[in-house]
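Taken one at a time, structure 1 and structure 2 that follow are two forms of one protein chain, written as structure tokens.
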Structure 1
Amino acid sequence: MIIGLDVGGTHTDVVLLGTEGLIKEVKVTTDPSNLFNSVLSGLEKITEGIEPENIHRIVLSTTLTTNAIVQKKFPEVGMIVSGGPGLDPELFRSNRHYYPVSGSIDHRGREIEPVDSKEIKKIAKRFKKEKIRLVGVVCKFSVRNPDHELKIYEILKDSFEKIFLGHRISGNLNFPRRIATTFLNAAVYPIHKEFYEAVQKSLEKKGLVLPIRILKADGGNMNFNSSIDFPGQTILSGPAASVMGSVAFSSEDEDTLIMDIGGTTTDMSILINRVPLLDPIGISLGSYKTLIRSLDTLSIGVGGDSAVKIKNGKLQVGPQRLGPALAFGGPVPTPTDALFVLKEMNNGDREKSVNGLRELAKELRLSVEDTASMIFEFTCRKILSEAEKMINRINAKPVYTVHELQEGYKVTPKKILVLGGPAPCFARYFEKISDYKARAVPKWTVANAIGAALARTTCEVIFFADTQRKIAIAPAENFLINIKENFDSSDAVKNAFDLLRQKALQRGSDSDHLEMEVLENMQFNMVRGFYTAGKNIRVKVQVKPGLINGYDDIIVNLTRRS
């Protein structure tokens, strides 16, 4: 049996799944000031009366690191950053103890200026004096040659609790994001470690001795041990949970738009042939742009509890949420109240909704029912128009080859899957006012927890080879080898797949069902003078995000019961 748990802003959803389907679902109120209790009480309730040895997988998705970053609750972190030619690294200052240092590497990974170990030692001394225990080290182009980061690490390694190196985060080029991501990893490390160790211990006390898994922003999971070096990857896993909960209900050969309609916001994302679309570089959170792999999602300020008002004779929905719907004792009318008036919902006080909408109806000179229809249709139209914008943005993404420009894939979803609430009403209206086919995801109230439970372990490997310099490197895998001149892109793909397999297994993948794929494979002849001096090879491979093998029956049963 598998446990999936997703901590949301208001509720924490927990499910217990067996091969026969959804065995049990639990909702507990999230206490933002004590996430640990929320998680634990959720786990306690779901495991009541279940033999611990029957549970073989636990996947958690929490808002722990996300909240820490949004609230900037950070310990002191020491950052050492070297730039070289280009923008001044001072422009990317992440925090107070941030030291641009000498030393630089060029775009092909050649050293331009060496590390000054005296300078580093001096900074280390200062860090010690400030009682700093966590350090981040980032050099420009360290993914082409990590030598400088490693040299600095050697100098620091015995003096600090944990040191985060920029090249280990991602093989992608982007120095400012490498700095921000390294900083965030260091900054959320203590809270992440403490939290999950505590969860693990509590579970052990109940006899649940198995490594917990944590959901990532890319819709995959990793085991707790692997997460320790990259705790930043656990941010914004909530939207990913919902998307993974929808995957099984999307089409094999079509694009699907996923809409998770919450109280305050609606999160949208795209599935292409059942595979979630990933952000090309990395997720942004607040002012931080990162290299953290994530789903390409859009969050807009329209949800079921968005405040509805009339401004200059025009209807306005959101972006504020001032409380729950009137029907649930809230302060102002919301789209949810419109549903009460229309008798689409009935588990609250309809009278309050009707009274609330009467004011608006007067101003609009409409009946209360027509006003309700108008509000709800307006809300749906607004969500759809934002979705169109998102699709246009995705299709307008620049490409760099003639082939891609001509043959590049165009996202054209014809189907919408709706989660959150109330999903069936939204689905019905989306169909009514657009050409989309829309339906609610089965078990839409806990689909997010189901998604967390069934998500695969995912990872990617970025591999780079330069046969003139005779090196091949996969920076994030701590992999650097010397190669022969005849090394080519098929060798690179083979190496990359080997590394990917190792990485996936280490992170907790099932070895029998690794769905690996090549995302990028480019080989350039490097010509110097009139002769080919070598090849420059860039390969990117990944474990496709998706659901773990053997979920099919569970899904079939879910559909049947809902």
Structure 2
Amino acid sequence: MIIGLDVGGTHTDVVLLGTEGLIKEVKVTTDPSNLFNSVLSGLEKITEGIEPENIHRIVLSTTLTTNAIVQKKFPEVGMIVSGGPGLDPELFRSNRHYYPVSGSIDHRGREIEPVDSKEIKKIAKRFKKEKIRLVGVVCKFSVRNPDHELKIYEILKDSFEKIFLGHRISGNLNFPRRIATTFLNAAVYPIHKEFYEAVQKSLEKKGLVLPIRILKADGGNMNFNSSIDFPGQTILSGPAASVMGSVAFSSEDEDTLIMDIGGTTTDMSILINRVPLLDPIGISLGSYKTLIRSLDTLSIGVGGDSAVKIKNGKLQVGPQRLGPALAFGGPVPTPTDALFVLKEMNNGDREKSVNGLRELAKELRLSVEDTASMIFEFTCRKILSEAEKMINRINAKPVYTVHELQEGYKVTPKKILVLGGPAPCFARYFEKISDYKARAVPKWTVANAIGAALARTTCEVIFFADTQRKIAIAPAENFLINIKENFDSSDAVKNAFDLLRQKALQRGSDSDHLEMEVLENMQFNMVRGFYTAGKNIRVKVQVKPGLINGYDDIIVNLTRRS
């Protein structure tokens, strides 16, 4: 059996899956001030009466790290950044305790200026005086030669709780984004570690001593133990869960628009022939532009519990959520209340919804029922309008899926899959007011948790080789070997696949079902005078994102029982 857990802005959903389909589902209220309790409460309830030895896999999706960044609720972090010739690292300042330092390595990994150990020790003293426990170290070309980052680490390692090195966080060459990515990993480390330890202790009390996985922004998952060194990978795992919860139910031969309508937000994405779109560079969160791989999603402040009001004579829905719907004891009218008035929902107090919409109806000079229709149509049209903007934005640049660049491709979805509590109501109305064919996914109320449960373990490796210098390196994997002059791209791919297999197994992949592929394979001749002096090779490989092997029976049974 498999447990999947997804923390949403309104509810935390937990499911227990077996080959027969959905065995058990639990929904607990998410407490934004105590997300740990929300997660642990859900796990307690889903495992009640279940023999621990029957559970073989647990996958969590959490908003903890995302919320910490958005709300800027993280500790002070010390950053040491070495740039060398070119743009001043000060231009990419990530936070207050940020120190550009001397020392540099060029684009081929050759040392230009050594590390100044006295300078580093002086900065370390300042950090300690400020009671900083977490440090990030980024050198501009550390992905070609991590020597300077490692030397700085040796100077700092006994003085701080955790040190994050840029070359381990990402193997990509984008210096500004690597700085932001390293900073965010350090910043969210304490809250992620606390979450990790709380979950482990809770499961141990239940007798569940087994590897736990956590969903990443790219729709794959990683071993919970590994996530301690890469906590930034869990940012935006919520929208990824909704995508993975839709994959098996989307069309195999056309584009599909995914709408996950929660209480607070609506998360949107596109599938091309069941394959998610990818943001090829990395997550942008507020002012932070990162190298964290992510599915291409959009989140808007419109959901079932969005506050509805009249402003300057015009209807307004969201972006604030002030509580649940009036029908469930909330303080203000919401689109969910409109559904109660229209008798599309009946599991709450309809009379409270009717009374709550009366004041709005007076202002609009409409009946309560017409006001409810107006609110729901306004909400649906707003969501569809934002979806069209997202499609136009995607089509304005090259389209990437998690597998490849779709050269010249234009996204043209004709179908919508809807997730979330009110999914059937929204699906019917989307069809009514648009040209889309729309339907709710099976088990739409807990589809995100199902998506998290069934997601495959993923990772990538970036591998460089320089035949003139006779070295091959994958700094993020702590790998460096000497090579011969006849080393070529096929040798690089073989080495990269070997490293990828090792990394994937460490992160929890199934060794019998490991689908690996090449994302990039580039080879350039280096010319000196009139002669080729060597080759510069870059290879990027990944484990294909997707659903775990053997999920077919689960999906078939979910579809039959929905």
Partner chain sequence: MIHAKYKTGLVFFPAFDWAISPTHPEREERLLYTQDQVFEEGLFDIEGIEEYKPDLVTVKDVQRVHFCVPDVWNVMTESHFISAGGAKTIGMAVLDRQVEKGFALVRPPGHHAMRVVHGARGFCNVNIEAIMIEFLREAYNIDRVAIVDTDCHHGDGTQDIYWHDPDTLFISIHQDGRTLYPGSGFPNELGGPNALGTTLNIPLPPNTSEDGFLYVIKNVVMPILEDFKPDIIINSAGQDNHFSDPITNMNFSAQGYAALTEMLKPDIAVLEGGYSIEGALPYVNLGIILAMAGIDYSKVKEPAYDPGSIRQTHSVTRMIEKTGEIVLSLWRQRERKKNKILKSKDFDERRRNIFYDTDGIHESQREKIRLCKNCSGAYKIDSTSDLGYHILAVHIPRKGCRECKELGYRWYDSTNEDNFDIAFLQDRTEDKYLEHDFRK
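Nothing here was measured: the structure is a model prediction, and the numbers come from that model. In this text, rigid core is short for the largest set of C-alphas that superpose within 1.5 Å between two forms. Residue numbering: sequential along structure 1, first residue numbered 1.
Of the two copies shown, the second one, structure 2, is the form predicted alone. In the core-superposed comparison between the two structures, the C-alpha atom of Asn355 has shifted by at least 2 angstroms. Relative to the superposed core, Lys410 undergoes a Cα shift of 2 Å or more between the two structures. Shown in the overlay between the two structures, fitted on the rigid core, is a CA shift at Thr234 smaller than 2 Å. Fit the two forms on the rigid core and the C-alpha of Met374 turns out 8.3 Å off between the two structures. Core-based superposition between the two structures puts the Cα shift at Val317 at 6.8 Å.
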